[in-house]
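One chain comes next, on its own, written out as structure tokens in the form predicted alone.
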Amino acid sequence: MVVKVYGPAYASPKRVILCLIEKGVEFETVNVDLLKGENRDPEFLKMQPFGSLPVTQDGDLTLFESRATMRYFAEKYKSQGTDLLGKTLEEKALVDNWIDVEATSFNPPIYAMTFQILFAPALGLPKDEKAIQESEEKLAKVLDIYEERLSKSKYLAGDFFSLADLSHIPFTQYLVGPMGKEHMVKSRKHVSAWWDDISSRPSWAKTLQICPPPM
């Protein structure tokens, strides 16, 4: 059966889609409009009880956390496409380390900024300028740490592209694009070079072509 990814317009599902394209796995997408509350429909909540995106179905298996889903497909199809996990135990540990950094340190502030700058107005809510400023300050500190790390290796887990890098692409695209915060990346030499590299991958161009953003 073909893999199904729900909510392709949004950033978190794009992590899964990027992984599938890198691994050469066939998939189809199912639109879910968050702005219309389709993620709260009873049928959707049967698949994703928390009402968030993505949901991914691989036959009888349903997964609804993007990072766990990426790891699953990268392992299932490790013999094809791009090696996204690392070859040695040490490389795999570093990939996991930086995926967790993305989830716990990078994603919370950039997610908060994305919501306040892009989605709050679309939902008819006022922007919380204080929350935006606080989140930008937190993200800047994280990017300073990335700058130091990337001065020592081409990618976060070493000198190979991995899930650790891939996981950052969709939300960073919001940052440098519609959010108008490109300076946060471009002002950091090594972060900027890293972003130019990972955002130029054919898999990301294909993702944007078949799954345009919601706004």
Partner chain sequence: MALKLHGVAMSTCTARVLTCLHEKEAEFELVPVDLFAGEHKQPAFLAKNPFGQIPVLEDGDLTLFESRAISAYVAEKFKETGYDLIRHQNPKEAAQVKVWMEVESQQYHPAISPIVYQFFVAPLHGKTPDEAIINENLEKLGKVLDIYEEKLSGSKYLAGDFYSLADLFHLSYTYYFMKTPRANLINDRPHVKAWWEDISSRPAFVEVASGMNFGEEKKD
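Numbering follows the first chain given and starts at 1. Since we're looking at a predicted model, the values are computed, not measured.
The form predicted in complex with the partner chain is left out here; the points below concern that form.
Under a 4.5 angstroms non-hydrogen atom cutoff, the partner chain in the model of the complex has Asp96 among its neighbouring residues. The partner chain in the model of the complex is not approached by Leu34, whose heavy atoms all lie more than 4.5 angstroms from it. At least one heavy atom of Leu61 is located within 4.5 Å of the partner chain in the model of the complex. The shortest heavy atom separation between Pro49 and the partner chain in the model of the complex is within 4.5 Å. Within 4.5 Å of the partner chain in the model of the complex, a heavy atom is found for all three of Tyr72, Leu89 and Lys92. This chain appears without its partner; in the model of the complex, the one residue of Thr82, Ser135, Asn107, Gln116 with a heavy atom within 4.5 Å of the partner chain is Asn107. The stretch that touches the partner chain in the model of the complex, counting heavy atoms within 4.5 Å, is 49 to 57, out of 49 to 57, 169 to 177, 25 to 33, 182 to 190.
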